[in-house]
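Just the one chain here, laid out as structure tokens, in the form predicted alone.
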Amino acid sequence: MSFPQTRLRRLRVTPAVRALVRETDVHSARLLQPLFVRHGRRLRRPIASMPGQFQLSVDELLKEATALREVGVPGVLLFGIPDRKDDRASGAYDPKGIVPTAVRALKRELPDLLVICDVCLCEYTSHGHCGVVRRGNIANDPTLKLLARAAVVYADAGADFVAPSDMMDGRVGAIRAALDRAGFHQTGILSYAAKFASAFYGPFREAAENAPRFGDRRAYQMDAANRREALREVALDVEEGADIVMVKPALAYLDVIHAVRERFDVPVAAYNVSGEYAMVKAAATQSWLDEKTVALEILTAIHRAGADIIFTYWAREATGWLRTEPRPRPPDKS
């Protein structure tokens, strides 16, 4: 039927009606918070380009994670910032390094918190690249050995998932083999399967202190124009043993998220990255946008595109905002 018999506005009349027929509903259980941890005590260093985000010492990390857990955020993604860097990224796989130290503390205090560790070398190398440098190039195969060492160290500390973000060829298979050899058969791999070379990472490089000292990362991160290649990357990671695959960034790559969701029967994650967060924060500061409304619209779009899991710097705030959104009343079981 058509107008006037069909009036779709009947389904938009009130907040309760809109909530009743809403097709895509973001839940806090699907939102995970990235956190940055470094050595020290009572350290809560603001990240200028990411208002509301901080570099945290382990004691402050515990406070932040406790607050996240209390509001319903199920887990965190850890990025480590070492005191010293070298060309072999030795801090990435040091059992006493900042990330395994943080994981042990989190699991001791919050055993039910889901802890995911980013696996990459860029925060730990003196040159800022994600792999070993040989004659000015990023050497793929020597890098795999170091990534696998780091993954085993994080698993030994208690990580639930390791999340390789380096975009070296074959790293998921190398990490899976190393984890299995070490007896960590239950440790999952959440692969940054389709990670694009993106200008949206700018604020993150301040947060993680990992800007490359020469060149850029376009020789290993994906070209922003390529969707079909993203599907090839995902297929390879699934074949090598990835349990969850991720698309990064999210907002400018909704078509890629959708294509991955349609093609692969595995959980799909997306990373609502620092630049996507920072530009909304900046506009909200000028009162050009309403932060809550825009953030929830972005998260809904990412979920609608097909992401089962969303990494977002709004995880804590969004959980509170979602509690105030109208929801259909559950049926009376009496």
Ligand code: PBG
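All of these numbers come straight from a predicted model, not from anything done at the bench. Numbering starts at 1 and follows the sequence shown.
The same protein also has a form predicted together with the named molecule, omitted here; what follows describes it.
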**Prompt:** Looking in the predicted complex, is the named molecule within 4.5 angstroms of a heavy atom from every one of 101, 161 and 184?
**Reply:** no
**Message:** Just to confirm the contact call: exactly one of 149-157, 92-100, 109-117, 216-224 touches the named molecule in the predicted complex at a 4.5 Å heavy atom cutoff, so which is it?
**Reply:** 216-224
**Prompt:** Does any heavy atom of residue 176 come within 4.5 Å of a heavy atom of the named molecule in the predicted complex?
**Reply:** no
**Message:** Can you tell me if residue 273 lies within 4.5 angstroms of the named molecule in the predicted complex, counting non-hydrogen atoms only?
**Reply:** yes
**Request:** Report whether the minimum heavy atom distance between residue 314 and the named molecule in the predicted complex is within 4.5 Å.
**Result:** no
**Item:** Contact flag, residue 205 vs the named molecule in the predicted complex, heavy atom cut 4.5 Å
**Value:** yes
**Request:** Name the residue from 122, 190, 257, 172 that puts a heavy atom within 4.5 Å of the named molecule in the predicted complex.
**Result:** 122
**Item:** Of 130, 73, 250, 234, the one that lies within 4.5 Å of the named molecule in the predicted complex (heavy atoms)
**Value:** 130
**Request:** Pull the contact list for 154-175: residues with a heavy atom within 4.5 Å of the named molecule in the predicted complex, in sequence order.
**Result:** 165
